[in-house]
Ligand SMILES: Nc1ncnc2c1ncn2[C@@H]1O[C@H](COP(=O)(O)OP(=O)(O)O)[C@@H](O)[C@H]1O
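Take a look at this one chain, the form predicted on its own, written out in structure tokens.
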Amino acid sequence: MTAFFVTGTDTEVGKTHITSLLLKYFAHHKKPALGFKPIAAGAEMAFGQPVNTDALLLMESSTVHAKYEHVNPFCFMSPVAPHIAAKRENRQIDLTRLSTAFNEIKAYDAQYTLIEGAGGWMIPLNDTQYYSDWVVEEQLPVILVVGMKLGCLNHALLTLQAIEASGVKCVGWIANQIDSNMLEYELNIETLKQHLSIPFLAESPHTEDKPKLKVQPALHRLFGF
């Protein structure tokens, strides 16, 4: 199994959207792939348990089917930062618990596993640990989703700097147009291509129709297609 961690330049930049499209990309190439969202904050009750709509979307997009509690082992009702949500429910998230959940996902027969993060890169798990600490511990290659809006240049450059400083490899970035009225959208894409020292993998333009992923050659090379 080859796993990638999908992070974003902020919360609400489309990590789930991009992860879902990547899972469909694997499906198109007939590769067994599984989406894994370890932590989700913001849920509603269904089937006698709290469920998160983003986790459900990843399940629908995956070609390898897993139990909900394995896809999303830490599901919290409140749509707040994970460490705050956990405290509200008297639960705990730490590196050991995340790795235990990851080992359960590894038991499924997936060639590729996409692990969707929560919020941005530097999100606390508890009072002393960060989500990024776990990515470093597992030495997961990172895919960066850049939410294309005003301010994204600064957010993208700072996020990449933090990822590289942590000691893991960022294998590329994907542009997600979250602001349909963004001024100079294409020029911002070109600026990011120039200033980010990682491959441009794909782009998801804003659309009212079926979401699309404009795949770049670097994405095919990354996955060996």
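The first residue of the shown sequence is 1; numbering continues from there. Note that this is a predicted model, so its numbers are computed, not measured.
One more form of this protein should be noted, the form predicted together with this ligand, which is absent from this view; the next part is about it.
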* Please check if residue 11 has a heavy atom lying within 4.5 Å of any heavy atom of this ligand in the predicted complex. => yes
* With the cut-off set at 4.5 Å between non-hydrogen atoms, does residue 27 touch this ligand in the predicted complex? -> no
* To do: Answer yes if any heavy atom of residue 56 is within 4.5 Å of a heavy atom of this ligand in the predicted complex; otherwise answer no.
  => no
* **residue 157: touches this ligand in the predicted complex, heavy atom cutoff 4.5 angstroms** => no
* To do: Scan 196, 162, 189, 178 and let me know which has any heavy atom within 4.5 Å of this ligand in the predicted complex.
  => 178
* Asked: What residues, if any, in 171 to 207 have a non-hydrogen atom within 4.5 angstroms of this ligand in the predicted complex?
  -> 176, 177, 178, 204, 205, 206, 207
